[in-house]
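In the block that follows, a single chain appears as structure tokens, in the form predicted alone.
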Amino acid sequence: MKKVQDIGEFRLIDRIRRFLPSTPTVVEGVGDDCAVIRVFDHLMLVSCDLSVEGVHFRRDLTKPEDIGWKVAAASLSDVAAMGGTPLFCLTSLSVRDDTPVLFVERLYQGISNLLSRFGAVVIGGDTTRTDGPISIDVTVIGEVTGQRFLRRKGARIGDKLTVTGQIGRSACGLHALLNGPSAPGLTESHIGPKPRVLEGLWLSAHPQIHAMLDISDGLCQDASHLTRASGLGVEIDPDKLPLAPEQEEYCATHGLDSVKMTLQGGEDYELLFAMDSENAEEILHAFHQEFRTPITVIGEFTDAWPGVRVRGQKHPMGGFDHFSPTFAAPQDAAPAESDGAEG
């Protein structure tokens, strides 16, 4: 009998979805960053992320407020990836009965601190007792502006693979947390990611953007979700990866491969999208005028092969898969801190 570790997280999701019926009100179901449902004349976005102590966070390394912020960021980033606006949040918390009340209060303060930045609020949830590790489930409900949202599916031949921000910082920050070097800027990227909600709204309003998701499991692995959904391949140019000087210096000092950390590290929660090549310069210029967030073209979609290639060669996906025995963490970064992709 097969076990989930034999097929991995994403093949498990594919198998599960075969047994799940749908209805006409479901516009987008299992398989993207959010579900999209039609409620009268509105399109609503729904996403949930479950975080487990020892798998997604460690209390000995992270303050309660930071844990709350980060678990909220994972779900808000899903809404950003669809180009939506977050509105409401439901949380479910499972804790031991000897957990300090102050820890729980500070945890929820962190969740609220991030939600309030985008006008979203916690409207309910559930609490229960456990004899095991703490687990926190965050469900975010958002809405689509107008009728346009972005799926993982939609990339076209010749589209430019483009990313916001600087990627690989979170993986370096995790390495610093686990191994002790002082790198406050990088560790902040790991424990306090900034979901690109406003940037996602802006991108979804431009028809030149054809497909999008957020980087939670690693650049190569998440790029593969775009290629698989669109039936294409993509070529990533490692020379164009937006690496922060602080990140490159950290990797050089500690004997790490900065490109590998960037290609395989996860939890950056930046936006990765397919952009029309004919309008690329126009979109890049307009984005720079609107935001201080960097934006970089790092590759191109093709029908010459399926999947992801780096400088013409197939590249190990790395990234994070909750159940895969072949998971390859970037250098000394422990998979226990990574976030899994949504269903």
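Residue numbers here begin at 1 and follow the sequence given. Treat the numbers as computed from the prediction; the structure is a model and nothing was measured.
What comes next is about the form predicted together with another copy of the chain, which does not appear here.
### Query
Heavy atom within 4.5 Å of another copy of the chain in the predicted complex: which of Glu105, Glu188, Glu248, Asp237?
None of the others qualify; the residue that does is Glu105.
### Task
May I ask you to choose, among Ala280, Leu61, Val46, Ala286, the residue with a heavy atom within 4.5 Å of another copy of the chain in the predicted complex?
It is Val46 that has a heavy atom within 4.5 Å of the partner.
### Task
Quick one: find which of 195-203, 254-262, 94-102, 237-245 has residues within 4.5 Å of another copy of the chain in the predicted complex by heavy atom distance.
Looking at the other structure, the answer is 94-102.
### Message
Residue-level contact is defined here as any heavy atom of the residue lying within 4.5 Å of another copy of the chain in the predicted complex; does Asn179 satisfy this criterion?
### Response
Taking the distances in the predicted complex, the answer for Asn179 is no, it never comes within 4.5 Å of another copy of the chain.
### Query
Might Gln147 be said to contact another copy of the chain in the predicted complex, defining contact as any heavy atom within 4.5 Å?
No, Gln147 sits far enough from another copy of the chain in the predicted complex that none of its heavy atoms falls within 4.5 Å.
### Query
For Gly29, is any heavy atom within 4.5 Å of another copy of the chain in the predicted complex, or not?
Result yes; Gly29 sits at the interface with another copy of the chain in the predicted complex.
### Task
State yes or no: in the predicted complex, is some non-hydrogen atom of His42 no more than 4.5 angstroms from a non-hydrogen atom of another copy of the chain?
Taking the distances in the predicted complex, the answer for His42 is yes, it comes within 4.5 Å of another copy of the chain.
### Message
Suppose contact means any heavy atom within 4.5 Å; which members of 180-208 contact another copy of the chain in the predicted complex?
### Response
None of them.
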